[in-house]
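Quick heads-up: it's one chain on its own, the form predicted on its own, in structure tokens.
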Amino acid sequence: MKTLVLYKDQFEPLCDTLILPFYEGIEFPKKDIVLNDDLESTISYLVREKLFIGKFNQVESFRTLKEENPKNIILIGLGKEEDLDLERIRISMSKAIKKAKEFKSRSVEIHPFGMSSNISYFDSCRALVESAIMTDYRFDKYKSKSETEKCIDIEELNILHPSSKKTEKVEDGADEGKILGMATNYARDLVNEPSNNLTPKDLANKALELGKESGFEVEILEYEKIKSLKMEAFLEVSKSATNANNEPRLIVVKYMNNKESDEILGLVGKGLTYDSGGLSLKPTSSMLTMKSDMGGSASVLGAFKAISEAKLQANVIGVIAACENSISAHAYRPGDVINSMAGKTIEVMNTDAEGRLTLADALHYIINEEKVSKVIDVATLTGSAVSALGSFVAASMTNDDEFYKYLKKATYLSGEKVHKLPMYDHYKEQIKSSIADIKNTGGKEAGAITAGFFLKEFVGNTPWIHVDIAGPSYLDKDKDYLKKGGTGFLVRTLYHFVNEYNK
């Protein structure tokens, strides 16, 4: 999608579809919008008869009968001015884009959303563009050509802006929105890819390709190197697939663009390209979406794409322990005691609690081998997080509240919702083992929290945040600017986190 910010003292229709946003309790005509008499008369009628009042989520649209543009008019309600925030902007824009697609629009023009005092035009333009790009997303590479030809993509989005506000660098906001929208869609593509076409090797190759395109370094460690590092927990999970010639990969990505700082942020993404549950086998219905169990790795790669393309002044290293959790005579078993790179022994209570085993070695590696200063891990880790918070909110834990403040600010900018879980000491008792240093599950109660406590055992004193994205990483139906399937959740938050931390 081509995006442009056009500066004009008086607005004129340029595209086939015109989007007009209004606060609740609108006054029309607007002084800064020049429309032909027919359009102005129609909109005035809708407003006068209270068929359109600007209530949040209200959409009114109609087609014109003339040949010249605009042929389609979409009125979007923003609600009350004092309630406007960045997420409402994204939701409103998504409704407008969906309606434009119903009109089979190829070019869309939007007049700026009326800004409340606490939202800059930079932030508004970023939210508008990222929402438009994310709403226009589709994953159809496996559909026949006859099916894909029926789909209409929006090719051009023009944001018309008063020239008196040009000093606010709204073009930069639009550019950042495009980077973030495309990076999120990249992560969505990875999550939506079937597991037979996205093995650990394939994911590693995707990372290599992305590094070349976006401008960051990628190193791939294969089986023998992983073994030499004694990443035994990681290798135990991957053992069945390895014996089926589907070996694991440790993917290390580096973006070093701040020579004035010794600080290195670490991002660790769970990379289970398929999870059968192992010998603790999942039911078939639960396996259907397990191609998405690498959602954490997709978020990390999407974030690196955005960070690199935006040329943020930061030092960031990412690690992904990519493998499959399969079944065979070689599979690790419930009751086994396995080792880890950190030297901690682990009693396996459930082979379907495999992600935390791979993350344990990945966290130890990134802290001790790559020497990161602080670390965030992102993982589709527990069904408990989904039970507690649902499909639109991620669970999080931390050992450093000052570090966590940057995540809170980042979620405001991204609109992605993350809730902080408690870390009371008594939860740690649930993962104590009588025969090993630790066990990999803590029972039925507080599963998301005990999983976090397990990971905490492998970070030492390094400031750390854990984000469990099991709920919002994959949706079973469309929601606002997100479609059914992979969401790319946390790509934008990680980008803003890195950006805010390095300011």
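Bear in mind that the values here come from a model prediction, so they are computed numbers and not experimental data. Residue numbers run from 1 along the displayed sequence.
There is another form of this protein, the form predicted in complex with a small molecule, and it is not shown here; the text below is about that form.
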query: Non-hydrogen atom within 4.5 Å of the small molecule in the predicted complex for each of K270, N350 and S384; finding: yes
query: Among the candidates R138, K282, K230, K374, the residue which, in the predicted complex, approaches the small molecule to within 4.5 Å (heavy atoms); finding: K282
query: Contact residue in the predicted complex, from M290, M341, L312, I154 (heavy atom within 4.5 Å of the small molecule); finding: M290
query: 4.5 angstroms heavy atom contact with the small molecule in the predicted complex for A470; finding: yes
query: Contact label in the predicted complex: T380 to the small molecule, heavy atom within 4.5 Å; finding: yes
query: Residue contact check: E354 to the small molecule in the predicted complex, 4.5 Å heavy atom; finding: yes
query: 4.5 Å heavy atom contact, E236 and the small molecule in the predicted complex; finding: no
query: Options 195-203, 274-282, 410-418, 388-396; stretch whose heavy atom lies within 4.5 Å of the small molecule in the predicted complex; finding: 274-282
